Each structure stands twice: as structure tokens, then as C-alpha cells.
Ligand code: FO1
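Before any questions on how it binds or moves, here is one chain, the form predicted alone, in C-alpha cells.
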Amino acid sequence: MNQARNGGARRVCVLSGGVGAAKFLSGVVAAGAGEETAAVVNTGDDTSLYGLRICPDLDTITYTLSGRVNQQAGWGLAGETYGARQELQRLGDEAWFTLGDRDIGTHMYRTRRLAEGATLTQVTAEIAIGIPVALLPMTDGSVATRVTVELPRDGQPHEVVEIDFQEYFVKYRHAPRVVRIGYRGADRAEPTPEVVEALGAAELIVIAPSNPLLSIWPILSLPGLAELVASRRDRVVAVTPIIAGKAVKGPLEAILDSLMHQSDVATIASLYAPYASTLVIDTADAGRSAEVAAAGIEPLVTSTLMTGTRAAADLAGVVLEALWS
């Protein structure tokens, strides 16, 4: 495996989830640091449907960095068609998980290569060919994010059930109240050697503006990784996914309200303080800098809303200044 793929030669390592991380990484590339960067990507969202292995976060980042993503949705392929899904629905299948026709090709290739004995790290490098950022699945093993939620049943009081992340996020449109989040298999899965090397060798570790509990915690739940990142704390910069108490995208706000009774930048600071020395917060939260500092992490105020590639590059530039200075 060459340096462009093993992550060890990279100066920057980004802990990454889905859409927010993909936008940030596109900014890193636009800022000219793509070849210096490895992304450790959450695989706790991965699932198998219709016999296909699906890796949503890896695919979202791959499609974004290759310039093929559906910009409006932030995931999936631009110009996608859905003939297979329509046929499934015609046959009476619920088909709650949307798979585009070309997207299915990605999953078919991944599934075949895994069945042939290739690792997920190897297959990801093959799928991401031509992308400057080294994409590293957090593990070649199996970790499943499980969400315990309250579901209404036949008009009766809510029933507390544990479901797969994709059921929560897609099937139920992340509407149910979250009671608990777990990472099944994380205690047995091992981070890949490439991930350990990338984190250990990086001059700068960035926690992307992803959902901490659904995207970053699965990575840190792997044996030794929380300790490794904490040991590099003075070289770790986190970017908030919360602006003025609101999540830019997804269910983070509701989850924090449910589990921590507060969804704001101070809550993010308390989550990341053990791992990062700096938290990049939005200008809308500048007035809360003292609260962030009180949580034990240094605030860095800038615009964090990535409305386009230029804004993402500006944000990446602010973060990478810690490397370039």
C-alpha cells in the first residue's frame, strides 16, 4: 500500500462522519491540503440491505470529493435515477432505504470485493481512486451504532426499543426521542493499522463538524483510540456542529436535548474537552466563548457555516493555520 493510501505520511488526520465532514474535507482540498490529509471515517452507520454492503459516510465523502455528489441532498449521486427502487415498490417491498441505480453499482462492487477477501480499507481505496484525501475506514471489523428510542405503538404509550441506526435515521426520519446510543461490537473490533498510524503521526488532528454521538464517538469507542487522541490533545482541533443552539443538519440538537438536556456550543465543548485543546465556534456564539473556555477548551471564533466550497475552504484554512503557523 503506497503512502497516498496508508495515511501515515499525511500531516493532517480528520475524524469524519457524513455530510458535515464531507463539506469540511472539500474545503481542505480547496485550501490545497488534500494530499496532506487522511480522513478516519465512521463505519458505525454501515448496514447490509438486499445482500449489499452499504457504507453511507464513506460514500458521502467519496462522492463529495469526486465532485459527483447530489449537492441539494448532500448525499447520493447527482443526476441519479431510481428505477430499482421503483420496481421494488411495485412488487410490494417497503423500500424505505433509498438506493439510486448508480449508487447500487458502488455497493455491488464493494460487496463482491469483500466476499473475495479484500478488506474494507482496500476496497475503499479502490472506490476512492483519484481522490487526494486518504480515506480510512475506522475499522475493517464490524461496529453497529444502535439507537434506543421511544416508538408509539397502535396509539398506546411509547414503547422503548433498540433499533439499527439506519432505521432510526432513514425509516423513522430521526423523529423518535432517543433514550440511549450504543456501539455494538466496538469492544471487539480493532482500529486498522492505517488509522492508528495516521492518528499517531499527524501533526494536526481535526474533529470534523460531525455529530459527536453518532459519527465521532463510534470511532473513539474502538480499543485504544480515545486514549490515543486524548494523548495528542494539544494537537487536536474540533469544529462545532452546533451554531446558536441549532444543528446545521441532522438530529444532533434533539439528541443533545434528550440525553444532555442542553444543545449548545457549551455542551459540545464539554464533550470534546478531554480530546481537543481548541474548539472552533461560530461567530453567532462568540458571546459564549467564556463558557467554552470554562469547559476546559480554548474557543476559536470564525464563520463555520459551509454554504459552499469557498466558505468550506475558508473554514479549513482557519483550522489548518494551527498546522501552517
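This is a predicted model, so every value here is computed, not measured. Residue numbers here begin at 1 and follow the sequence given.
What comes next is about the form predicted in complex with this ligand, which is not displayed.
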Using 4.5 Å between non-hydrogen atoms, is residue 96 touching this ligand in the predicted bound form?
yes
### Task
Flag residue 285 as yes or no: does it have a non-hydrogen atom within 4.5 angstroms of any non-hydrogen atom of this ligand in the predicted bound form?
no
**Request:** Tell me, yes or no, whether residue 103 is in contact with this ligand in the predicted bound form, where a contact means a heavy atom of each within 4.5 Å.
**Result:** yes
Residue 165: heavy atom within 4.5 Å of this ligand in the predicted bound form?
yes
Which of 166-174, 153-161, 114-122, 182-190 lies within 4.5 Å of this ligand in the predicted bound form, heavy atoms considered? The stretch 166-174
